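Read the single chain below, which is given as structure tokens and is the form predicted on its own.
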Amino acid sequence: MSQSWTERFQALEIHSQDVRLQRFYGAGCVGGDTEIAATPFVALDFETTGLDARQDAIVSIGLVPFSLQRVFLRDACEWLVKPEQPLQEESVVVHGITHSEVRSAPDLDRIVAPLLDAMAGKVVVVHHQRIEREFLNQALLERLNEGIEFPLIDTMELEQRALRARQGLVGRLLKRPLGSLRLGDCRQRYSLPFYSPHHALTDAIATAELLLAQVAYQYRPDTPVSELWC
């Protein structure tokens, strides 16, 4: 992208037709040269009915703001969302959210404002960007006729970088496997405790803790945040 994210947010604020998106972009984006020790983050996780953002839907959202110094658990949020299609039994087995739980849940449109307000001014952190970035963009396109753009840090991608560096030239030539990139397996490499997976808020907290561990092992606090985001 030729524009910086700061410039991109300014342009998107001007062109957005939705007041909630205007407010999100108006909060601005930290400069790419901001040290990660001075960057405000928010870890975000979705549970969904499947893996295709065009056909499947978000059923729960968890987020927690944090910095390099602290995870702000008291400001964590979690929402159940009513999908437009009935839950598939396969997805119920994965995330454990039942038909009766989502029957009385609100549509995502009623959660967009608090969700974007919680994300505003912070760098989003996820584990496997394809889910959160694509599902949120598609959900807003369907409800607001506008998608959403924002930089994010993907702890899965950071872990892949670290494993490739550890693999070395010989390992790459011999095609030695990198190792699992699942959230729980990545956490285990840093001796972080086991959390039951596929719960949006728990996974958001787990992702925040994983980034803190990755930074502690692989980066300096004064590393520019642009070296981590994508």
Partner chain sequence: MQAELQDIVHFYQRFPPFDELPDEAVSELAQATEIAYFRAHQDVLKHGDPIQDLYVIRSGAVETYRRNGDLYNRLSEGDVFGQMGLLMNRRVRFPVHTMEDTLLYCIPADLFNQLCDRFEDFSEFFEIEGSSLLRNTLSNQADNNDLTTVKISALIQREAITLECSASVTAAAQLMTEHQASSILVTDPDQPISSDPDDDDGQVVGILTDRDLRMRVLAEQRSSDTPVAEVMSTDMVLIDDNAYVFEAMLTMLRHNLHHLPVVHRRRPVGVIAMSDIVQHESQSSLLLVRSIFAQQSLEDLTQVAKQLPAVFVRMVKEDANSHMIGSAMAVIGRSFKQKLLEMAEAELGPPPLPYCFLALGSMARDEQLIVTDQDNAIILDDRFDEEHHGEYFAKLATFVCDGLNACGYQYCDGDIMATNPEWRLTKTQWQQRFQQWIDEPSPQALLHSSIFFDLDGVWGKTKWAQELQRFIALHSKQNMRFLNYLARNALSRTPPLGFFKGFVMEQDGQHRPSINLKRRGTAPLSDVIRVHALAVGSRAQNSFERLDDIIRAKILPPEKGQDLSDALEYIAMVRIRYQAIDIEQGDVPDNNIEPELLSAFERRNLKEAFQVLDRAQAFLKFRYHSSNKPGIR
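Positions refer to the first chain, counted from 1. Just so it is clear, the structure is predicted and the values come from calculations on it, not from any experiment.
This next part talks about the form predicted in complex with its partner chain, which is not shown.
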Subject >> Touches its partner chain in the predicted bound form: Leu192 (any heavy atom, 4.5 Å) >> reply: yes
**OP:** Considering only heavy atoms, tell me if Glu209 and its partner chain come within 4.5 Å of each other in the predicted bound form.
**Re:** yes
**OP:** Report yes if any heavy atom of Val71 sits within 4.5 Å of a heavy atom of its partner chain in the predicted bound form; otherwise report no.
**Re:** yes
**OP:** Classify Ala213 as contacting or not contacting its partner chain in the predicted bound form by the rule of any non-hydrogen atom within 4.5 angstroms, answering yes or no.
**Re:** yes
Subject >> Contact residue in the predicted bound form, from Val123, Ala76, Leu158, Ala118 (heavy atom within 4.5 Å of its partner chain) >> reply: Ala76
Original post:
Of the listed stretches (158-166, 183-191, 50-58, 33-41), which one has a non-hydrogen atom within 4.5 Å of its partner chain in the predicted bound form?
Top reply: 183-191
**OP:** Determine the residues of 193-211 with a heavy atom within 4.5 Å of its partner chain in the predicted bound form and present them in sequence order; the list may be empty.
**Re:** Pro193, Phe194, Tyr195, Ser196, His199, Leu201, Thr202, Ile205, Glu209
